[in-house]
Structure formats: structure tokens, C-alpha cells
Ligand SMILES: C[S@@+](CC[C@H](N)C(=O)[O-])C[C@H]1O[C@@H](n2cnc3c(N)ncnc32)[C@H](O)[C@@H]1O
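Let's start with one chain on its own, the form predicted alone, as C-alpha cells.
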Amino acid sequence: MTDLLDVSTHFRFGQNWADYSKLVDERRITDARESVESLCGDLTGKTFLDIGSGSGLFSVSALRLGAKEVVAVDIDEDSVATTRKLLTGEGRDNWRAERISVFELPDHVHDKFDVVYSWGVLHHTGAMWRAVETAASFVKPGGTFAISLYEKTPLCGFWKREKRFYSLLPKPAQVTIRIGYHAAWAAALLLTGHNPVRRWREGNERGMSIAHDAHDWLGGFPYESAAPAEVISFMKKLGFEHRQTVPYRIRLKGLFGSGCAEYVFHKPEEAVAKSAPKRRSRAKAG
């Protein structure tokens, strides 16, 4: 049986975020802000729950988009510390950051939020569908639920095994694997007419660095994925209306991994959740 609150077998996401936070500058914040705004719109006067805050970059973005209150939660102590550091730098007091798992939210957070946001997190919990349902329960009627989840590929079974293996390796071995992965990534870009050096310097569109993103991908365990149709069907059964999907373009059938598809759902003012799909799980809450 697996305790969903036990992170001893998890990849050390928080350490990666803490190291990445040293690179955070105005350009990266601007990129992250544009990413949040593209999914959530104007946040002026709204309450915002960031589940799995990581570096705190998206929580900072919510503040800058006008949120009246930001609550950031993460199960990783290093992530919470990094989130607090970045939010403190904003010089505002309308936020709080706490070490709370998504599965503990019903016992520790009693508010509903105008916007519940969770980017690239819920598929790392060990019980993705339960995590999605729990996170969605904190959306106010009339509110927005914005999430991203790894899109399913034919090679997801391989990547799940790889991530479990990589997470258990000592750091020097992880570095060796990353060097090989980056070399293959650069070669693929060159063959398709792209400049890998430029891509490395620019990072991705959300403000993440290529180096930290690769470490996160190779080690991101626990790992689950879903096809967009599965996610949309699941949310409709919870009473949500589908507003937007930004799919991830799977390359080479997932040979270099997957990426996150983004979803936006709306909770009607008088939403009545239907019974969520029953999914067998050997996991139990702590």
C-alpha cells in the first residue's frame, strides 16, 4: 500500500525549484505571467489557489495580475521555502504559502476560490484522478479550474520506469544521464533546422530553463499521463464545463518524452457534480 503523503520515494522537485529560482528575473516572471493570463485571464479582485507552487513563479504572476489573495500550497518543504522567498520579494501581504498536500486540502483549507490553478503537478501525486477531483472541489461556483497534465504517449510505460530509476540514482549518475539526453535533444533540433544554443538561452515559454526542465522530466516520479478526451470526460462528470484545451504536440511518439496539455474548465453557478468515474487504486491517504 502507498501512503500518498510520503514523499520519500518522490523525485526531489523542491531542490530543483530552489536551484532554478536563482535564475528568476523579470523576463522569466513576464513569461510566466503571460502563461497564467492565457489560461486564467484578468485576476483583478479574484482569489487564487496555486496547488503545487514549485518555485512560486506562478503565484507571483497571480499577484501581478491583480489577485486579491493568493494561497500557494506544495507538499515539498523546499518548494514552500522557495515560494515564500519569491512572494516576499513582491512586497505584498495578500498571500500565504503552506506545506500541504493536495490530499490534505479538505482538512486544512476551508475556502473556495475564484481560480484554482495547478500546472504540471497533479500527475506527480501518485493518484492523479483523485488529485484532480480534490483540486476541483475548491473552485467556487462561477469559478475557473486551470490545470495541465502530461499527455499520454505510446512510451509512457517506459518513461514511468525510467523516472523511478533516475530518481533513485546518485547525483553524478543523474548528471551523466542528463548530458546524454541534452546531446540527443540538441542533435534533434539541429536536424530539424533549429538552433539548440538559442533555445537553451531562451528557455521555454513559461520562463523555465531547459536544464531544470530536463532534470524535472527525467526524474519526475510519481508519473501518470492522460489523453485530452479522458480529462475532458472526467471533468464533465464532475459538473464542469470545458472551455479550452491547449494540447501538447507529441513528437516521435514520445521518444524524447511528453509534455503538458493545458485545460481550462468553468464551474457553473449551480453546478451539480455527477458521480466521478470509479478508478481502482492501491493508494491510500495517509
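None of these values were measured; they are calculated from a predicted model. A residue's number is simply how far along the shown sequence it sits, counting from 1.
Here the subject shifts to the form predicted in complex with the ligand, a form of this protein not shown in this document.
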Report summary line: Here the chain appears without its partner; judged in the model of the complex, the stretch of 188-196, 99-107, 135-143, 168-176 with heavy atoms within 4.5 Å of the ligand is 99-107
Report task. Tell me, out of V115, L86, M128, V121, which residue has a non-hydrogen atom within 4.5 angstroms of the ligand in the model of the complex. Result -> V121
Query - Exercise: F58 in contact with the ligand in the model of the complex, heavy atom 4.5 Å - result: yes
Report task. Consider E151 of the chain shown here, and say whether it contacts the ligand in the model of the complex, taking contact as heavy atoms within 4.5 Å. Result -> no
Requested in this report: Examine F13 and determine whether its closest non-hydrogen atom to the ligand in the model of the complex is within 4.5 angstroms.
Outcome: yes
Query raised in the report: With the cut-off set at 4.5 Å between non-hydrogen atoms, does I75 touch the ligand in the model of the complex?
Result: yes
Query raised in the report: Which residues, if any, of 52-66 lie within 4.5 Å of the ligand in the model of the complex when only heavy atoms count?
Result: G52, S53, G54, F58
